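There is one chain below, alone, in structure tokens, taken in the form predicted on its own.
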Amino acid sequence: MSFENLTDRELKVLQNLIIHYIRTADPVGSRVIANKFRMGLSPATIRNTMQDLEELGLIKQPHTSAGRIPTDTGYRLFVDMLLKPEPLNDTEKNKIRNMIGANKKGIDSVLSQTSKILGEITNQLGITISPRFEEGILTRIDLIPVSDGKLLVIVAVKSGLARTILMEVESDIEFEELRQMELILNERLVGNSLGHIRKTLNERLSDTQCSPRLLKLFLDSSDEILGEQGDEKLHYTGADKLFSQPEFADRVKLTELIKLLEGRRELVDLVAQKTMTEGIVITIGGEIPINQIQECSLVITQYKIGNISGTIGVIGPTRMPYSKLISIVEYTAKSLTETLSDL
């Protein structure tokens, strides 16, 4: 449904209703809007406008004789047409930047710290998802014998990330055949993304003059070595913050959310789907295809490590302070990108 024909009065009443509901979690009546926002309209006029908004599916009445609350559609219109991001002050920016930079013991450690920062500052659930390794541009592969029957494969990509995989081989490998295989792999694969290499690997190695058993081992293990989809790590902090939210007074809802987080894969796939483009992405309530969080919203964006991107953001009730959260998530992503670049 298109809402382009809404009047200025209808838009203003909807905006004020949502702002007040976000602050209080209490259904909003016409008299509250008249008294709090001084629109120059009588409660009766505001009441009639609210009835119109209800008929359009933008607000609803949770209980008989109660005030109104926004619907998911109402929140979507608010975010798309009425939202004004609330800028961060210097103190808030410094806090975010200093907290992220305080722990530089590795990428996973920084991402875990970032989810903690988001949870603490927003009072929502802070999440970070590590980059998809397969997007990285290969810079080098090393094959290192570590013990009898074991081979360490080190895969390094342009952003500075590296993956190590310990593989088992049936018998000892001669040093020369290992070096020959390593040389061929670097000659034919370096400079391409791991995902592209994985799709074209058989073709790239079809005419190699190297050890057949090493070649077979590498081809059979290519998904693990080259980073198939599904290797991203999810960090989250702030589940305790949701206990105080009235939307999670029903502990069953919170338990279902925790199960989703612990399972990880479903949420990681959803976030990957939503961040196909750059910038802040807001997904509200029923727009989320996962039952456990259809009363929540996601505010997420990308951060970068070289040419690889990961995702950070927050999850919380649809009644979240979008104006502030957008600025927090956006600035945190910028600071995280700078910190990881320094690493």
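Everything numeric here is computed off the predicted structure, so don't read it as measured data. One rule holds for the numbers: they count along the sequence shown, beginning at 1.
Below, we turn to the form predicted in complex with a further copy of the same chain, even though it does not appear here.
Between the options Leu183, Leu219, Ala102, Ile154, the residue in contact with a further copy of the same chain in the predicted bound form by a heavy atom within 4.5 angstroms is Ile154. Residue in contact with a further copy of the same chain in the predicted bound form (any heavy atom within 4.5 Å), chosen from Arg140, Lys84, Arg213, Lys199: Arg140.
a further copy of the same chain in the predicted bound form comes within 4.5 Å of no heavy atom belonging to Gly74. Remark: Glu187 does not count among the residues lining a further copy of the same chain in the predicted bound form, judged by a heavy atom distance of 4.5 Å or less. Within 4.5 Å of some heavy atom of a further copy of the same chain in the predicted bound form lies at least one heavy atom of Pro145. In the predicted bound form, at least one heavy atom of Gly160 sits within 4.5 Å of a further copy of the same chain. For a further copy of the same chain in the predicted bound form, the listed stretch (128-136, 189-197, 91-99, 242-250) containing residues with heavy atoms inside 4.5 Å is 242-250. Not one of Met39, Leu41 and Ile121 comes within 4.5 Å of a further copy of the same chain in the predicted bound form, counting any heavy atom. Contacts to a further copy of the same chain in the predicted bound form (heavy atom within 4.5 Å) from stretch 235-272: Tyr236, Thr237, Gly238, Ala239, Asp240, Phe243, Phe248, Ala249, Arg251, Leu254, Thr255, Ile258, Lys259, Glu262.
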